[in-house]
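Have a look below at one chain only, the form predicted alone, in C-alpha cells format.
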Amino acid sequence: MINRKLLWLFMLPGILLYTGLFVYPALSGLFYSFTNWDGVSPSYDFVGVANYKDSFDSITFRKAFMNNIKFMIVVVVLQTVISLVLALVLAKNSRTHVVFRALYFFPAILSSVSVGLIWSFIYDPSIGLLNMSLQSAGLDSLMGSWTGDAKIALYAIAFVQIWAHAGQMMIIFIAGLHAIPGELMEAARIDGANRMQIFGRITWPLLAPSAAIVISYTTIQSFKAFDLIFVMTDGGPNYATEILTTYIYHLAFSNYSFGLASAGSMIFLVLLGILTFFQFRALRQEGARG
C-alpha cells in the first residue's frame, strides 16, 4: 500500500511554490487594499473601503474599464472568428496545411514586448511600413498616426493582439475538429446536409468545449494585455489605450499608491472571474442545446 504521507511529501514543493507565488501575494494584495501604503514606507494606516470607493469614483478608472471592455469585445469576437476560420481551412494534415499552420502559429512564440516593438515600427507615422505601403499604393488618404490618434489607437493595438494569437487559438480549434468522429460527418453528407447545416448541427455544437477554452483564454488575455500596450503607447494618448492593468501599474509605480493599486487589482480579479464564469455558463448551455 502506498504511504499517503509520502504522497503529500511529493506534493509539498508544488504546494509551497503555489502558496509563495500566488496565494501569499493575493492575500497581501487584499490586505494592502484596505491601507494607504505607498509601497516604500514601513508604516501605513488602515483606510477601510476608501480605496475601493476612490477607484469607482475615479474618471481614469472608469475610462480604463471601458477601454478594457472595448478591447476585449473586439479581440474576443474577431480572434475567435478568425482562428475558427483558419482551423476549418487548415484542418487537414497535408504538408501544405501543416506549413501554413506553423506560419500562423509563429507570432505566438514571440514575446509580447518583441511584438509590440515590431508593430510600433510598422505603425510609425513617418517611417512605418504601413504608411509607406499605403503611400506607395496611392492611398495617402488612409495614412495616419495609428497609435497617436486617440480614436483608433486602441483598435490598432487590438489588431496586433489578434495577429499575435489567432494562430495559437487556431491550434485549439483544430484539435477540437480532429476529435469529431468522421462517421458523423459522413452520415450527414449521405442524408443530404450541406456544409452550413453540417457546421451548425454537428461541427459547432461539438466544438463547444474548444470554443469555451478559446473564448475564456482570449478574454483573460485581452484583460491582461499589459505588456503590449505598455510598450506601444503606455496607455496614451490621453488615456485612450489605458486599461485596468496599465492603470494599476501607473498607480503603484508612478504614483506610489500601492493601497489604491491593490484595491484596483482586487476589483480587476473579481470582474474577470465573473466574466469568465458567465462565458463558461453560456457556452455550456449552447453546447447542451446543440
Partner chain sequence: MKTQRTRLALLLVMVLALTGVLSACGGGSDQAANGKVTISFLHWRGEDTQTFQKIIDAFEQKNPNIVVDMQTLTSDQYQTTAQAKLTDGSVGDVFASFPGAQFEALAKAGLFTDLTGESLLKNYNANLIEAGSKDGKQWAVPYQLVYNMPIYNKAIFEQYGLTPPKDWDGFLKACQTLKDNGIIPIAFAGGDIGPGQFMNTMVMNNEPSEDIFTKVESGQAKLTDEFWVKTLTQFKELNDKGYFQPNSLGTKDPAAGALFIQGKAAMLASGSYQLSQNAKQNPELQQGLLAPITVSADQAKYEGVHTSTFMLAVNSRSKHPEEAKKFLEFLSQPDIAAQYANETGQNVTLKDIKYDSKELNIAQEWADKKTLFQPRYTIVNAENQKAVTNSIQAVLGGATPEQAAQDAQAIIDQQIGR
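Residue numbers count along the first chain shown, from 1. What you are looking at is a predicted structure, and each value in this text was computed from that prediction instead of being measured.
Another form exists, predicted in complex with the partner chain; not displayed. Remarks below refer to it.
Shown alone here, G144 lies within 4.5 Å of the partner chain in the model of the complex, counting heavy atoms only. Under a 4.5 angstroms non-hydrogen atom cutoff, the partner chain in the model of the complex lacks S216 among its neighbouring residues.
In the model of the complex, the partner chain sits beyond 4.5 Å of every heavy atom of I248. A26 falls outside the set of residues with a heavy atom inside 4.5 Å of the partner chain in the model of the complex. Note on the interface: of 236-244, 217-225, 27-35, 64-72, the segment with non-hydrogen atoms within 4.5 angstroms of the partner chain in the model of the complex is 236-244. Out of the listed residues V113, A179, I127, V85, I127 is the one that sits within 4.5 Å of the partner chain in the model of the complex by at least one heavy atom. Proximity to the partner chain in the model of the complex, taken as a non-hydrogen atom within 4.5 angstroms, holds for one residue of S120, Q197, T80, Q168, which is S120.
If you take 47-69 and check each residue for a heavy atom within 4.5 Å of the partner chain in the model of the complex, you get D54, D57, S58, I59, T60, in sequence order.
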